[in-house]
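Here we start with a single chain on its own, the form predicted alone, put down as structure tokens.
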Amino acid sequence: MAQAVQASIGDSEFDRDTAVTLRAPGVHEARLSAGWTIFGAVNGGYLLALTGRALSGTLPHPDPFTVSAHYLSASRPGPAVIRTETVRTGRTLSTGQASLVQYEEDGTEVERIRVLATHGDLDGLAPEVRTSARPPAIPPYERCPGPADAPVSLPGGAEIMDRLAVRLDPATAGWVLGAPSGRGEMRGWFGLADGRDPDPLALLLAVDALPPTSFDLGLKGWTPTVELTVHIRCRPAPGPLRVAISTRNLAGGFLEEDAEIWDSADRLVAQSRQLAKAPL
């Protein structure tokens, strides 16, 4: 169904590009890779995974349960500093905050993203599930087009797509041919191009990695995230993920995006909502 496994968790391009180095208590150095950009700006899901890795090294609990991020300015490839702080520690959950900053040429510090997150241990969750949610109806992987099948490149450039194995549901890919459905939907298969299986940090990337729903509304251009909240529900099974994103309300120049991530075992592994600026 998907590409052959070549990389493993902990030894992939995603892991290398989200690596952080602890320089002092609560101070981590990182380098934002140009490989995760779209329209010249660093992808918001990649930034969330990067700050999530720093918080996982700070808090006593390893896995993100809920993460809320405010994007304060557009990040650019290059060096960055992530400052983390423990807010509260309990027996099963711990909460921390992180701030990612970069520096202008004159040395001025600019905050890019601020995150508040609660972590726990996904392996310790109760097994019972009661849900009315159902996996999205997406055609088989082989019947969904990928970037190489598009007649034109994504406007503005999208280096991130070279690092992903994304295939879109044809019902939500009409915008590629100039025929958006107008429903504000985006569905597809998601994986990493080097075959690395998903983990909780990859889920933070996946919620913001498909083309924006604004494309299906007939709008073109960068759709910058203002705020993004992600809930990680369980550790994903190996294999490709299915992603379903929708928006119901574009007003005042802003739109919301609600996302669901399903794993190969038909489990709802992550949910998110974000507020984004609509393209001009």
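Just so you know, these numbers come straight off a predicted model, no measurement behind them. Start at 1 and count along the sequence shown; that's the residue number.
The form predicted in complex with another copy of the chain is left out here; the points below concern that form.
Trainee: With heavy atoms only and a cut-off of 4.5 Å, decide whether Leu217 touches another copy of the chain in the predicted bound form.
Mentor: Yes - in the predicted bound form, heavy atoms of Leu217 and another copy of the chain come within 4.5 Å of each other.
Trainee: Report yes if any heavy atom of Thr131 sits within 4.5 Å of a heavy atom of another copy of the chain in the predicted bound form; otherwise report no.
Mentor: Although another copy of the chain is absent here, Thr131 would touch it in the predicted bound form, with heavy atoms inside 4.5 Å.
Trainee: Closest heavy atom of Val226 to another copy of the chain in the predicted bound form, within 4.5 Å or not?
Mentor: Yes, contact at 4.5 Å.
Trainee: Are any of the heavy atoms in Ser56 no more than 4.5 Å from a heavy atom of another copy of the chain in the predicted bound form?
Mentor: Flag for Ser56 set to no.
Trainee: Residues in which of 23-31, 235-243, 58-66, 42-50 have heavy atoms within 4.5 Å of another copy of the chain in the predicted bound form?
Mentor: Selected range: 58-66.
Trainee: Which residue among Ala193, Leu125, Ala171, Val101 has a heavy atom within 4.5 angstroms of another copy of the chain in the predicted bound form?
Mentor: Looking at the other structure, the residue within range turns out to be Leu125.
Trainee: Listed by sequence position, which residues of 237-257 have a non-hydrogen atom within 4.5 angstroms of another copy of the chain in the predicted bound form?
Mentor: Read in sequence order, the residues that approach another copy of the chain (within 4.5 Å, in the predicted bound form) are Thr247, Arg248, Asn249, Leu250, Ala251, Gly252, Gly253, Phe254, Leu255, Glu256.
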